[in-house]
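Heads up, the chain below is alone and in the form predicted alone; it's given as structure tokens.
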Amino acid sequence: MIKAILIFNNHGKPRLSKFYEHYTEDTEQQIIRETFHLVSKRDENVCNFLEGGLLIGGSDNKLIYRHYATLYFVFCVDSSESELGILDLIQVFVETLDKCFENVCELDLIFHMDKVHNILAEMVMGGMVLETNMSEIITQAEAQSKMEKSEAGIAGAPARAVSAVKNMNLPEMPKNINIGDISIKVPNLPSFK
């Protein structure tokens, strides 16, 4: 089972953290720091798996990671998971992000955190791997984005209406608004400007 998925930069700043076991917020931060120290001090030419840190479960768990440019992708797993299977999952995750963001970079993870979490949720849920087919993951992520955009159109309507009213150049506030047979008396409101 996957215990946690962590992405942090070369300086240890977390860019994504998803825990599939309950930890307090302080413990999660300590796990992120400990994992960064364990992974970042390793040479580039050594294998990509090592024993988990004390906070994540010690020798019963493994840290499987890949280092791409400025980001570390780390999966904390128990002993039942295949190291090579998780390395492949990391590769699929990174390639999926790369296709969705066209050459993914650290800023994409910062400014599109919801989309990154949606992609991750298509792949892993509750610590179990759901999907590894990249085209299926991308299809579902695009469907989610399309649905969010259509909902944003509805949800954003009140804000657009207020903005439109504020930008109207009315010489004075109208006393009544007539729409067909309906007449609405406008209360005395302070100026929008």
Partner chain sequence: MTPSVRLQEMIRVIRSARTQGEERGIIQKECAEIRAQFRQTDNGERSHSLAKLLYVHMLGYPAHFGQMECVRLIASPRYSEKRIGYLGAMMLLDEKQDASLLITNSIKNDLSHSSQYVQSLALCTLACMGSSEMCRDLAPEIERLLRASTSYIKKKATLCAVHIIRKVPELAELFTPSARSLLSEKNHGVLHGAVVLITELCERNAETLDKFRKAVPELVTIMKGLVTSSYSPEHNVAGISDPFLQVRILRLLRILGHNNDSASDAMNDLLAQVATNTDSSKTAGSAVLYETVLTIMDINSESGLRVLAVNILGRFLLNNDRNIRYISMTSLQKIVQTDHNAVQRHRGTIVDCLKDQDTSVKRRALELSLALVSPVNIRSMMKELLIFLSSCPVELRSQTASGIFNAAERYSPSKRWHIDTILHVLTTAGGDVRDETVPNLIQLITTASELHCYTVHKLYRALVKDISQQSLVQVACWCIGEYGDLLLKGECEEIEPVQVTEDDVLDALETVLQSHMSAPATRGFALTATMKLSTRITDNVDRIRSIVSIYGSCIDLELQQRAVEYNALFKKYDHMRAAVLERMPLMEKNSPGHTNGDSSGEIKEPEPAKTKPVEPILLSEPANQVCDLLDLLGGTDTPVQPSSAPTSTATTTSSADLLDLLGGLEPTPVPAVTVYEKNGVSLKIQCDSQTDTDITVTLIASNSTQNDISNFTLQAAVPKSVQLQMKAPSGNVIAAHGLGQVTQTVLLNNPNKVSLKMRVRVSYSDQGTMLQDTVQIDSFPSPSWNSQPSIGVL
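Residue numbers count along the first chain shown, from 1. What you see is a predicted model, and the numbers here were worked out from it, not measured in a lab.
Not on display, but discussed next: the form predicted together with its partner chain.
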* Does Glu34 reach its partner chain in the predicted bound form, with heavy atoms at most 4.5 Å apart? -> no
* Is there a heavy atom of Arg42 lying 4.5 Å or less from a heavy atom of its partner chain in the predicted bound form? -> yes
* To do: Evaluate His11 for contact with its partner chain in the predicted bound form, applying a 4.5 angstroms cut-off between non-hydrogen atoms, and reply yes or no.
  => no
* Looking at the partner-bound form in the predicted bound form, is Gln144 within 4.5 Å of its partner chain by any heavy atom? -> yes
* To do: Determine the residues of 23 to 42 with a heavy atom within 4.5 Å of its partner chain in the predicted bound form and present them in sequence order; the list may be empty.
  => Glu25, Glu28, Gln29, Arg42
